[in-house]
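One chain comes next, on its own, written out as structure tokens in the form predicted alone.
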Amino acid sequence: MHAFIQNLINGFSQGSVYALVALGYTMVYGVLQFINFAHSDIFMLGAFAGLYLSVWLAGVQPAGLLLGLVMVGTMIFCLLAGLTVERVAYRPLRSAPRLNVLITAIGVSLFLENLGQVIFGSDPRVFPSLISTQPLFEGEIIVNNVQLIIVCVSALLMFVLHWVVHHTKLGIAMRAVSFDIETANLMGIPADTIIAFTFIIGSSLAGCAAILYGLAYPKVEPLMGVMIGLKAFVAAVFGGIGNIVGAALGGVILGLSEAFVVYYVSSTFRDAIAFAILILILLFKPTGIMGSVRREKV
């Protein structure tokens, strides 16, 4: 029973990171109906931005202030990177066929990965220890402060995002653009601005997720976003692509699945479980657990 609870805690912590990254995928898909494959590489850039910011701000005390500054700085860097990708790569293709946009997204992802290897090198680097890991509860079940920070920060950001989307004018505009971009434009909603805000929010969440991931798994490399991005994409599809609550739930379920598979089966299947879940959800409920069929007028 203790092992079950311990894996529950570990899986919830890991799943919170997947959920934050998955929210970026699901928001862009909800508004533009395409998968931004470059989102995983924004996550990677955020990890390196956090690494360099940590070195630059190494003398800041206390540790909580240092963590906050690095997290905010990384989120700002990632939102600028995401905004640049949207403005340079995606906006010129707004009226192009979706296949063109999809190929462009894959191209941008490959470009950022190779650019990362050129700039940062291909060897893994150790992410700085922004705060010392301290157990909050010891015994047969161990809970540390890093796990608590990951879960609390992720939950707070998810709550804020949900509030923004459902209780602010920006959120109403985002939902209007998601429903019909042409009608939204005719109603006076600046669709390009709303889409840019969507990328800003999603990229900021990816930057925060990168710092939280670095706290738990202190190793960064230019290709680190590939597997994390694939798992977050699976989480978004599992929850119902385009559904914010579903993406968050899908990320947590995926993290829990990984933790239990590693403990009760084998660590060899840690990555395979994500794709097994994807195959099952596509076979039995293609819209995801909280998704719905979207009808289009032709």
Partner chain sequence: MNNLGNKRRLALLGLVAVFLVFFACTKKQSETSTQATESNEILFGEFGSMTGSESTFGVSTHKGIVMAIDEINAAGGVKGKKIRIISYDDEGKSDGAVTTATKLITQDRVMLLLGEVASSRSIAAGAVAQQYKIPMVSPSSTNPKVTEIGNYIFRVCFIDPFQGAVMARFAMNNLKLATAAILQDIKSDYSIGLADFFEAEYQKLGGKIVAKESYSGGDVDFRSQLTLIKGKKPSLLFVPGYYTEVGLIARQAKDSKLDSTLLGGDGWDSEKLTEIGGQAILGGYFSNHYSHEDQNPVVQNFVKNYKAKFSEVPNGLAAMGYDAAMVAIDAAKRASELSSKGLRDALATTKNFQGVTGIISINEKRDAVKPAVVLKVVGNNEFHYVATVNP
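Residue numbers count along the first chain shown, from 1. Since we're looking at a predicted model, the values are computed, not measured.
Below, we refer to the form predicted in complex with its partner chain, which is not included among the displayed structures.
Tell me, please, which stretch of 203-211, 166-174, 188-196, 142-150 lies within 4.5 angstroms of its partner chain in the predicted complex when heavy atoms are compared? Stretch with heavy atoms near the partner: 142-150.
Which listed residue (R98, R91, H162, K219) meets the criterion of a heavy atom within 4.5 Å of its partner chain in the predicted complex? Looking at the other structure, the residue within range turns out to be K219.
Just one of L53, I35, I253, V262 has a heavy atom within 4.5 Å of its partner chain in the predicted complex. Which one? Among L53, I35, I253, V262, a heavy atom within 4.5 Å of its partner chain in the predicted complex occurs only for V262.
Closest heavy atom of S267 to its partner chain in the predicted complex, within 4.5 Å or not? Although its partner chain is absent here, S267 would touch it in the predicted complex, with heavy atoms inside 4.5 Å.
In the predicted complex, D123 touching its partner chain (heavy atom, 4.5 Å): Flag for D123 set to yes.
Exercise: T84 in contact with its partner chain in the predicted complex, heavy atom 4.5 Å: No.
Does Q14 reach its partner chain in the predicted complex if we count a contact as any heavy atom within 4.5 Å? Output for Q14 is yes: heavy atoms within 4.5 Å of its partner chain.
What residues, if any, in 1-36 have a non-hydrogen atom within 4.5 angstroms of its partner chain in the predicted complex? Contacting residues: Q6, N7, N10, Q14.
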